[in-house]
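Only one chain is included here, represented as structure tokens and corresponding to the form predicted alone.
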């Protein structure tokens, strides 16, 4: 059985479809890239998978995560899935971090849930916080744990956000434009970190981006969205190396032109 199965997913508001007839699956350990221009429905799809769509935006179809139907599930069931079945790393870590709470205390919250689920001694949470910060390659983890979000850099905040996503040991990690707000050097470091964590922990990955070169470095399969509909899917080397759909061809051409312009500058 697939870890994630999306069948005929539709997402609408005010009678207008934002996503329509979307179907795909992710197996345990698989890496899938979801690409398309801004407004193509990538983040809405991620929100539907995690049950985070706002009330005014209505999903239909089926989303099965770790054997549980997400669409129409009560909030109690969704809370059980969040963290353990899936976790999200957002584009801007400040959206996931409380600016008025120390980073260590924020990491403690999901760890409390996991420790209770596993029947572990809560007295060991402080040590687990330091271990998580070390796992995401943060120097001076004790200092980071005692800091507020505004006291660390953007790249360090994103590493903390990744640590929070890992705290409950999810089976599926959803990374929604996780490097877009970072400089090029930090972007490369975060991508390398995600790649190693997904490999070492055996997680599946849904990587959402409009940046084709970034996607090609971290996923095996790719799905192209345009105006809320899938236009092409397959192995990343095939889809981006020899795209069949005109829209995918235009995305690849734009990415190559941008790289050429950078090389000429």
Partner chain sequence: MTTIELDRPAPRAAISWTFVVGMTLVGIHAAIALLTLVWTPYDPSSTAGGRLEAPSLLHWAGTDRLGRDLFTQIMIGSRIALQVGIGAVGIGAAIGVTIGVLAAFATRLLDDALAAAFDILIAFPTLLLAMLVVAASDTASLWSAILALGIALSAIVGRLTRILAKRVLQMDFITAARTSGTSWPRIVVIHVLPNIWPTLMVNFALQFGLAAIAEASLSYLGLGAPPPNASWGRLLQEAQGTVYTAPFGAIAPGLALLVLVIGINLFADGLRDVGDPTRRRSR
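Computed from a predicted structure; not experimentally measured. Residue numbers count along the first chain shown, from 1.
Absent from the display: the form predicted in complex with its partner chain. The rest refers to it.
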Considering its partner chain in the predicted complex, find the one stretch among 235 to 243, 61 to 69, 198 to 206, 38 to 46 with heavy atoms no farther than 4.5 Å from it.
38 to 46
Would residue 18 count as a contact of its partner chain in the predicted complex, using a 4.5 angstroms cut-off between non-hydrogen atoms?
yes
Mark residue 179 yes when one of its heavy atoms lies within 4.5 Å of a heavy atom of its partner chain in the predicted complex, and no otherwise.
no
Does the 4.5 Å heavy atom contact test between residue 91 and its partner chain in the predicted complex come out positive?
yes
Flag residue 213 as yes or no: does it have a non-hydrogen atom within 4.5 angstroms of any non-hydrogen atom of its partner chain in the predicted complex?
no
